[in-house]
Ligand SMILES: Cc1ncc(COP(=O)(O)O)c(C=O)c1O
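Taking the form predicted on its own, here's one chain by itself in structure tokens.
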Amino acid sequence: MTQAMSETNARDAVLEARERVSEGRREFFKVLGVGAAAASGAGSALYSSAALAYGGPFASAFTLHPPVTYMNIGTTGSTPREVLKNHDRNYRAVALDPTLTFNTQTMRNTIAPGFGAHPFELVLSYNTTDGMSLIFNGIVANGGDEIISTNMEHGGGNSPMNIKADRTGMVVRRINLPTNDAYSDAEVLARFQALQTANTKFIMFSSPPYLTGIRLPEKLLCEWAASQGIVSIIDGAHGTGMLNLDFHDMGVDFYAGSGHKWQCGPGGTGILYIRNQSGPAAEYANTSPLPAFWPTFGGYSTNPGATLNGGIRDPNDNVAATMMSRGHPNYPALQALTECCQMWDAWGRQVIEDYIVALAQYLRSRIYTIWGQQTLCTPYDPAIPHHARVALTSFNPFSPNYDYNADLSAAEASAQVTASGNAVAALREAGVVVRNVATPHSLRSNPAQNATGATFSRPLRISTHLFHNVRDVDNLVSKLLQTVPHP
């Protein structure tokens, strides 16, 4: 009797899922036919319902295949098949001839334009954490200097920032990042401005933050910082490969990104940008003087160079080449990252951003229809505002009233840890890989405040990327309806 009832409930859940997916798909394409396609002049055919519903144009370039639908690119991506073949050949070539080297200057010449940078500003790092460590080890901070950061930073940025504070006496001050309907770009800027003092020398923030996937207003924050003589640092672990980035236009001083997440390069690769010119204004949004910076590299004792002359920056110095002098690198991995970047540039970085954001919008539209707007960290908006131009979706069906910003008791938060963890495991068993995160969400009772450690929520974090299509999103929604609470 119990088994029969269980099977009936399961069939009902599947039928309900199919009905809701079909209903949502029709509604979404009404919007998509006008909205997302217009976001990019190039590749508008990419957004026809046929292209999205019957397989994306990039999937064949990757090796991922059923039965597992991998939707955790926020942790690591999947390297394209042709890059994998070359990666293997290059490793074998180096094994056959250990004297073989690759020209990393040529690699940086190839990669830099795709990120709106010059080759002498772009370093091939080991990952985002390595890039953040190089940044914080190189900037000049004195006791009492202040840095404004956020409450949603990853350990890869928090750790080097805190080490810098411990070593120098730099003071770390943090804003609470708003979530759901408490969020706006203007509110984020206002919170940074509210913490500014005469001692504020730096700001550091992640965009998109790994916990929520909201795209912060990078240019707005960086231009404000520059106008105040404040140095800007961005942890862009989820930016490189997901977004069409232009570092010069963004106005950022230092940017550390990942090579192995959305850019789909091998592990142990990253992108580090160091602004090394202060003009002209037509090219650089940030025309302020270059901040003092001490590069960390292996050739210091023999070739200090103009860059290290008392910490005063020389814009004619190839600071990136200086930073690349760090012993024998993993040439095949760096070459593979270069080839991934070449693929992204050939496909069009704006086309890529539009495609994966369109898929995320489709997912958010489905969640909006079934669970409600309040369950999303980035509420669904057909207009795709700046903060929603991301391919990370943070979604919490476990809170009271399906409210992302719900106030949780310690007991409710503890129960949510279990429920969210069980959902991730159940989805994995059902063939869909996502992850959950511990998030200090805004509080419904007081949107200016965020949850503390004992009452963090545990939303699911879902990634949509180039090897996905609408059928993958439909499949996920179907599995969610069978796995997590729903109305």
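The first residue of the sequence shown is number 1, and the count goes up from there. Nothing here was measured: the structure is a model prediction, and the numbers come from that model.
Below: the form predicted together with the named molecule, not depicted.
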| property | result |
| --- | --- |
| In the predicted complex, the one of 149, 399, 276, 127 near the named molecule [non-hydrogen atom within 4.5 angstroms] | 127 |
| Listed residue (136, 210, 344, 293) with a non-hydrogen atom within 4.5 angstroms of the named molecule in the predicted complex | 210 |
| Non-hydrogen atom contact residue 206 with the named molecule in the predicted complex at 4.5 angstroms | yes |
| Touches the named molecule in the predicted complex: residue 258 (any heavy atom, 4.5 Å) | yes |
| Residue 379 within 4.5 Å of the named molecule in the predicted complex, heavy atoms | no |
| Interface membership of residue 156, the named molecule in the predicted complex, 4.5 Å heavy atom rule | yes |
| Region of this chain that lies against the named molecule in the predicted complex, out of 235-243, 383-391, 98-106, 216-224 [heavy atom, 4.5 Å] | 235-243 |
| Members of 74-93 lying within 4.5 angstroms of the named molecule, judged by heavy atom, in the predicted complex | 74 |
